[in-house]
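Read the single chain below, which is given as structure tokens and is the form predicted on its own.
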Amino acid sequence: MSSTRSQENRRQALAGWFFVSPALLGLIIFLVVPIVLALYVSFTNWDGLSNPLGGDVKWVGLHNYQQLLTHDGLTRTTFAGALRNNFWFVLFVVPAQTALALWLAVLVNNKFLKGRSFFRTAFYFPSITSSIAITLVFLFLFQGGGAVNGILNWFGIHGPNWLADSRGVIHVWLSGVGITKPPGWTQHTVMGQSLWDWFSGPSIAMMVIIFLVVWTTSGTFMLMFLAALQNVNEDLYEAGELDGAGSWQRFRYITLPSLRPTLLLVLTLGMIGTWQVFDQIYLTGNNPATRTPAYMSFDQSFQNNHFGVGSAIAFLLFALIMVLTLLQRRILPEEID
């Protein structure tokens, strides 16, 4: 009896592996193998013009990583600038898109709102529109002689050349209050960039990308919050009203705790996505004010034929995202003990 059952279990296991083998084979060929090969390339000087496993490719060990992290030079300075740009991008986009998405979800979830289906569609529409098309529209709007500056001129405001302005918004604000020279302590350098540059804030050009990304991503996260809101027990709100809780108190003590798992999901997805931003940056050109590690990886690989350095950037970015994600989940656990 036990032998028959064992044979049946083996047949079922073989049948299961047979059915999943096409998908598994596809994952191995198109995901695992390229990742392993890219990791190998990050330790070589491969130029993309020959066989990466051939004899012409030289093993350089950690040299590509040292160029990015420890060796003084243009590559490290450029990489540091890309990290700085992306850091401020994440710091501005993730809270803004999360707050906007939550506000839109609460607004659309209001049962007294007329035309809720229309507003759901309208708020979600930018998320399903081609990011390339929307970015091109924004590039035209924010040109020096574009529509945005044209509107500002009506009010007597001379707008900047948005996408060519590399000034950090914190530096602009400091100059507005009379601080134009950096303090002495800010002249210390980290990875070839002075502290004054690290704390410059996002550039004016990057602020355009920030506004664009917040507008186009909030709709997707709105749907996540909306699905979670519709699962909140209405009895909790009724009990809160009976206890005299106002709308803000009900939102703070009932809605937000109920949305904690979804909030963590949105923050995690937002952070991962913003560290990987590429297509909007690509369309702005090789602009130091908006360059990010993802774009630099592409530029080093496909423009400069330094595939080893480009692969090293990709794996450093992967490690950074993993560390920040784990740190975020530790700081914001899914459930409160």
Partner chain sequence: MKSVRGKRIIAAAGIAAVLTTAAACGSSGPSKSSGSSAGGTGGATSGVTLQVLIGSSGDAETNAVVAAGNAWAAKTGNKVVVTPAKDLTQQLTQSLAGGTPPDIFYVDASKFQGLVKGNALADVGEKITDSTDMYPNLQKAFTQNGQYYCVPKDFSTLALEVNTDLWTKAGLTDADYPKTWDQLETVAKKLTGNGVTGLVMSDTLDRIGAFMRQAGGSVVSADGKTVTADSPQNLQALDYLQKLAKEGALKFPKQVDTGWGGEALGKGKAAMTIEGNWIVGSMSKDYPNVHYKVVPLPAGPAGNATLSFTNCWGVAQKSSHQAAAVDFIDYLTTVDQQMSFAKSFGVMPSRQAAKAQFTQQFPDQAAFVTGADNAFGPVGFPGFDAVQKDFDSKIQGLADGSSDPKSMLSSLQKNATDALSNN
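Positions refer to the first chain, counted from 1. Treat the numbers as computed from the prediction; the structure is a model and nothing was measured.
Another form, the form predicted together with the partner chain, is not on view; read the next lines as being about it.
Here is the short version: of H188, H158, R252, H71, the single residue with a heavy atom within 4.5 Å of the partner chain in the predicted complex is H71. The closest heavy atom approach of L326 to the partner chain in the predicted complex falls outside 4.5 Å. The closest heavy atom approach of S127 to the partner chain in the predicted complex falls outside 4.5 Å. Using a 4.5 angstroms limit between non-hydrogen atoms, L265 is distant from the partner chain in the predicted complex. With a 4.5 Å cutoff on heavy atoms, L49 counts as touching the partner chain in the predicted complex. For a residue to qualify, one of its non-hydrogen atoms must sit within 4.5 Å of the partner chain in the predicted complex; none of F87, F92 and A228 qualifies. Contact with the partner chain, judged by heavy atoms within 4.5 Å in the predicted complex, is confined among 138-146, 102-110, 236-244, 199-207 to 138-146.
With contact defined as any non-hydrogen atom lying within 4.5 angstroms of the partner chain in the predicted complex, the contacting residues in 268-306 are N286, P288, F298, D299, F302, Q303, N304, N305, H306, given in sequence order.
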